[in-house]
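Have a look below at one chain only, the form predicted alone, in structure tokens format.
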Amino acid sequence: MRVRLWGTRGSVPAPGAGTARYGGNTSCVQVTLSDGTTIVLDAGTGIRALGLALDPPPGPIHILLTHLHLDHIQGLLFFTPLFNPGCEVTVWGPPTAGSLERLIGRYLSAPLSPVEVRELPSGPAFLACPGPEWQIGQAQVHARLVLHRGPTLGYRIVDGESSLCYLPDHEPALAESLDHVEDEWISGLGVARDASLLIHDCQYTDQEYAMHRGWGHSRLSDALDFATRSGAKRTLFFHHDPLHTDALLDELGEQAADRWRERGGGEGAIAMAMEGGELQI
């Protein structure tokens, strides 16, 4: 699999000189499978630039939404393949009380939008994930509900010997420290186990977390604990707070690397996700 990061920010876009290196766009990750199939994880503002890069589209596109918070869907209207009548786009999402198309239509409709879902020329399909596992191209996709406000999925994509786990909005240590919880009770651990690459929420510093407990996001300490328990080969910390500048993220990245080494972790196995980054896994 080839992975490219188009948006790594959380909550709201944060463009500007102070966030230029790590990026200001909200959550969007492109996964290209070994057979060329395109999977897009979330549709934050980063999906706009991705859509331009996919012109013309290489084939069917599958968008996997973790949940329907605005920072994960606000780029949909600006994803150019949706306006290409020859492009096949399927949008997958979590189980909800209503249809996925109707719920997204609450955003893609007047007075919030000049274009409505039913008017999109590609005629995209909006589908709830069909089960805990299903096939997209060469890959087996696993979806599990995880701890975050509102119905939220964590995804695992397995293509041959490679696996990617994507948990951008996740608070697994909400109830208590992960040191005191058995594996089977840790949210998201099943889809993250021994992943080739784990992309995981790390929105808050340890100092900030006390004011944000229960908001659905992880502090650095808990993200490190989760990465350790998962046994992932490599981890990228993701969903950066909009107030976190490049300088602060550099500091957090150094802290994470130092603390990872103290745990006996390998060099370079922990890093802060950076918009524009590309990985082969």
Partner chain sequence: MDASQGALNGGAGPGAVHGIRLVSVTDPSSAPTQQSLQLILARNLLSTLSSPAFIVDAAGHSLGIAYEETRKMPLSELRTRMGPIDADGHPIAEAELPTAVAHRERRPVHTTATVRIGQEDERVLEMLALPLIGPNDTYEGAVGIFWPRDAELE
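Keep in mind the model is a prediction, meaning the values are calculated, not measured. Numbering follows the first chain given and starts at 1.
FYI, the form predicted together with the partner chain isn't displayed, but the following is about it.
Student: Using heavy atoms only and a 4.5 Å cut-off, determine which of L76, V146, C87, I199 is in contact with the partner chain in the predicted complex.
Tutor: Looking at the other structure, the residue within range turns out to be V146.
Student: Going by heavy atom distances of 4.5 angstroms or less, which of L174, V115, A125, L103 would be at the interface with the partner chain in the predicted complex?
Tutor: Of the listed residues, the single hit is L174.
Student: With the partner left out of view, is K233 within 4.5 angstroms of the partner chain in the predicted complex by any non-hydrogen atom?
Tutor: Looking in the predicted complex, residue contacts with the partner chain include K233, since a heavy atom lies within 4.5 Å.
Student: State yes or no: in the predicted complex, is some non-hydrogen atom of P95 no more than 4.5 angstroms from a non-hydrogen atom of the partner chain?
Tutor: P95 belongs to the contact set for the partner chain.
Student: In the predicted complex, is there a heavy atom of the partner chain that lies within 4.5 Å of any heavy atom of D179, even though the partner is absent here?
Tutor: Because no heavy atom of D179 falls inside 4.5 Å of the partner chain in the predicted complex, the answer is no.
Student: Is P81 a contact residue for the partner chain in the predicted complex, using a 4.5 Å heavy atom cut-off?
Tutor: Taking the distances in the predicted complex, the answer for P81 is no, it never comes within 4.5 Å of the partner chain.
Student: Hey, of 199-207, 156-164, 115-123, 67-75, which bit sits against the partner chain in the predicted complex at 4.5 Å between non-hydrogen atoms?
Tutor: Correct option: 156-164.
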